[in-house]
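Heads up, the chain below is alone and in the form predicted alone; it's given as structure tokens.
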Amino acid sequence: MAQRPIALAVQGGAGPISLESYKRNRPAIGEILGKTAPMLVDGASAMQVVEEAVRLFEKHPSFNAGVGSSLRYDGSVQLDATIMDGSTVMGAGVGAVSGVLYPVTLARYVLERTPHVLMVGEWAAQFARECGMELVADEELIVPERRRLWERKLAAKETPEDQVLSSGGTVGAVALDVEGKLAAATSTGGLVLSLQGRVGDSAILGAGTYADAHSAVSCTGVGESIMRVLMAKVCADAVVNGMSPQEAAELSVRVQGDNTPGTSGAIVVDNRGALGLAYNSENMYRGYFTPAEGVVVPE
């Protein structure tokens, strides 16, 4: 019997990423794929694999999620995340939550332990405590580079509006497992200088994350722009309508770019194991795994 196809793709953010920054952080993409691709090969579910990939991003200080998150206008850290199971078309998210190192896991708890789709703010943090998650202080999620960026932007009198046009960045993963099931997950530390309580696309199903029986999608970039066009759903619907994952990813970033300001990127896998990775920004941290190609992190 022929083995069913499996595939995994990850993204660590799109936006004004210099070539120097991309080269510096490129090995981390390979490390994350190197830890999660074997899980997929060994039979782990797509949900397990995308959650673990995003948790590894959330713990890594170089990416805008968990440790390494952006500072809001008041200097606080608030996080968004979603996870979605394509086999059931069930997903959930958390938004503007503080003190949680692994918001993607909290999103999965919302999915599996409540009837809800989205929990936010202090109530999401309380739910995290009830689930046995250890909360952490903002200082444990802030790295020096992010604090210096926040200080420079404050000193330059930049505004939240400036950031919506110029910033962006999340982390995410999409996977097809040996059972033929698809899943997607996305997480972010938000926009630098954003107003407290702001929720971005990474908390919204159909915007930053979507999965069904045909494909799984994770988006990155300027959340306000991604939400306005429901970018992940645009990508998924394109696959349903016959586009390849690569064509669908390219279409979704084109729809975002043609209709809203800012930039974006998308990763997608379909139920045959084909992958698509596209962006309209300067660069996007990205990589993928297939049994035929192994782990691939573009130069």
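Everything numeric in this text was worked out from a predicted model, so none of it was measured. All residue numbers refer to positions in the sequence shown, first residue = 1.
Only in words, not in the display: the form predicted together with another copy of the chain, which the text now covers.
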_is_contact(E122, another copy of the chain) in the model of the complex, heavy atom dist at most 4.5 Å_ = yes
*Closest heavy atom of R26 to another copy of the chain in the model of the complex, within 4.5 Å or not?*
no
*Hey, in the model of the complex, is E158 touching another copy of the chain, heavy atoms inside 4.5 Å?*
no
*With heavy atoms only and a cut-off of 4.5 Å, decide whether I204 touches another copy of the chain in the model of the complex.*
yes
_Just to be sure I understand the contacts: of K153, H214, R228, R146, which is the one whose heavy atoms reach within 4.5 angstroms of another copy of the chain in the model of the complex?_
R228
_Heavy atom contact within 4.5 Å of another copy of the chain in the model of the complex, the stretch among 169 to 177, 137 to 145, 182 to 190, 109 to 117_ = 109 to 117
*asked:* Only counting heavy atoms and a 4.5 Å limit, does any residue of 57 to 91 reach another copy of the chain in the model of the complex, and if so which ones?
replied: Q78, M84, T88, V89, M90
